[in-house]
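Have a look below at one chain only, the form predicted alone, in structure tokens format.
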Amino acid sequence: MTDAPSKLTTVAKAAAVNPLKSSQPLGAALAFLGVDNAMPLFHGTQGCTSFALVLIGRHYKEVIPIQTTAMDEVSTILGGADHLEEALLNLKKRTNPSLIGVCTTALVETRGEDFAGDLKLIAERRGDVLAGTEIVLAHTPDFAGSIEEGWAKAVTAIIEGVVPQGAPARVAPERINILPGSHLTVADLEAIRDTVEAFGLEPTILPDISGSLDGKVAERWVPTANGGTAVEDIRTMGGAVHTIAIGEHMRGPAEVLKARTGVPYTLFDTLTGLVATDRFVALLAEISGRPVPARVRRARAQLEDALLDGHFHFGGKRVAIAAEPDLLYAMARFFAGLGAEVACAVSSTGSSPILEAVPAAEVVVGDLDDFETRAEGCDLLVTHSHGRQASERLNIPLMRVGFPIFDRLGAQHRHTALYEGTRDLVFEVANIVQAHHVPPTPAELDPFRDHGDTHVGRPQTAAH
């Protein structure tokens, strides 16, 4: 592992051959789905919404509540303010959500409409009808960014639209805010909540998809997000004693929350790995003033044992990773810390400063075609389900991470963070390596065989 900054290379292409990234509005919609009784609203055509619905539905295997303003040819030319107002009024009448998250798309952003002005005029005209519903706006054109950027913009919009400006009258010493990144799973958020509560602290997680996308069978059908962070809890985030942001792309929302309320924050670039989790646990102990609970220490001891058991399968392995920037960094640190070499690193976007810290000689900003080209000769591919064809063509096993994972069940319940998540990742990788291990042939085990380094290009029989 090297601490030198990685070389960032952007591939010049007219179009993505085999796309790696998903769009910004999709990331924003996922974040809005982490607010209880919320409804994401795509301001664009029905086609823009369909792609996001298909991908989220295939990943979570759930019915996803997302609506659209259904822009048509006429509104595309004359402006979509009327469609936006009609959609807001219909959603209020039919579902009465606590929050509507407006996600712009490439169509309306390219036209250059004044969305904030439109929403202000709608609020002035229809304020009595829309009362009781928070309406927040996230600028998320499809032609820029990816899931991480869309997620972060949505969280920022929620903070700016819901959290009051100014220091609160009372700060609760047991309350902390958690701003998780988009790369964390439902199971990760549940583990983070359990760990924080083990220290006697009360976390407000924004957004909290562990309450809405956890794959439960509801007692009744709910047309909006069923679970997640309550709007009332978001309003009181200024009364927390500290904020913990996870992932570089959550630095912006943490800064906005600090600027509005004065709540200090600590940023963790990853919570995967022994050292990172130790830092997290130490911070919780400092904030709470309590010792580390016995079950947390037990989980750490289990991870230590897993590292001892599994490290034989990592040493010298060449790994190729393609993911969003923060997930790429977390996985690369995980593999490099166990003795593997990150021989190929491909990022969906190049705007994140965390890419310079990825432990690889070069980070390529490209697509899965660039990934497949550079991954030849590696021992393991690490990316989402769209990498399965590259795995078949290269005959290299695939470890599925990130979004979307649609050809395996239970992706949302997979642990990747803290002691438990790191332990599970160690076992998963070790089992993949063992399942694809090719034992050496008798000829390869012959200590007197010719290695070809003395008679290049000429077959030779070893002398016995």
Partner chain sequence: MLKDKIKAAFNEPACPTNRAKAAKERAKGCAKPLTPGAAAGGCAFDGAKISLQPITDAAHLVHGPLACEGNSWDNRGSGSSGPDIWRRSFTTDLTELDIVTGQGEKKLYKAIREISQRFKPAAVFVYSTCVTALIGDDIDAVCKHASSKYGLPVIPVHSPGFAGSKNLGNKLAGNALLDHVIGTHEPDDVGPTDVVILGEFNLSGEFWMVKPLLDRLGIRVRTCVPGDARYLDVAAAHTANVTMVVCSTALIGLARRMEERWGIPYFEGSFYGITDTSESLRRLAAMLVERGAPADLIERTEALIAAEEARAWARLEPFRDRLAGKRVLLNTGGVKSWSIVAALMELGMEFVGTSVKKSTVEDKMRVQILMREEAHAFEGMAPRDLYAQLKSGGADIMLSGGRTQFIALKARVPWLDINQERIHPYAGYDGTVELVRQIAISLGNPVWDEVRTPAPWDNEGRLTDRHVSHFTMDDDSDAADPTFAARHRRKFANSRVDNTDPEYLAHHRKKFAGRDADDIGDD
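Positions refer to the first chain, counted from 1. Treat the numbers as computed from the prediction; the structure is a model and nothing was measured.
Note that the form predicted together with its partner chain isn't included here; everything after this is about it.
None of 107-115, 227-235, 273-281, 333-341 except one has non-hydrogen atoms within 4.5 angstroms of its partner chain in the model of the complex; the exception is 107-115. By the criterion of a heavy atom within 4.5 Å, residue 305 is excluded from the residues contacting its partner chain in the model of the complex. Although the partner is absent from this view, residue 165 stays clear of its partner chain in the model of the complex, with no non-hydrogen atom inside 4.5 angstroms.
The closest non-hydrogen atom of residue 242 lies beyond 4.5 Å of its partner chain in the model of the complex. Taking the partner from elsewhere, residue 312 is found to have every heavy atom lying beyond 4.5 Å of its partner chain in the model of the complex.
Proximity to its partner chain in the model of the complex, defined as a heavy atom within 4.5 Å, holds among 120, 170, 216, 295 only for 216. Taking its partner chain as positioned in the model of the complex, the residues of 77-92 that bring a heavy atom within 4.5 Å of it are, in sequence order, 83, 86, 87, 90, 91.
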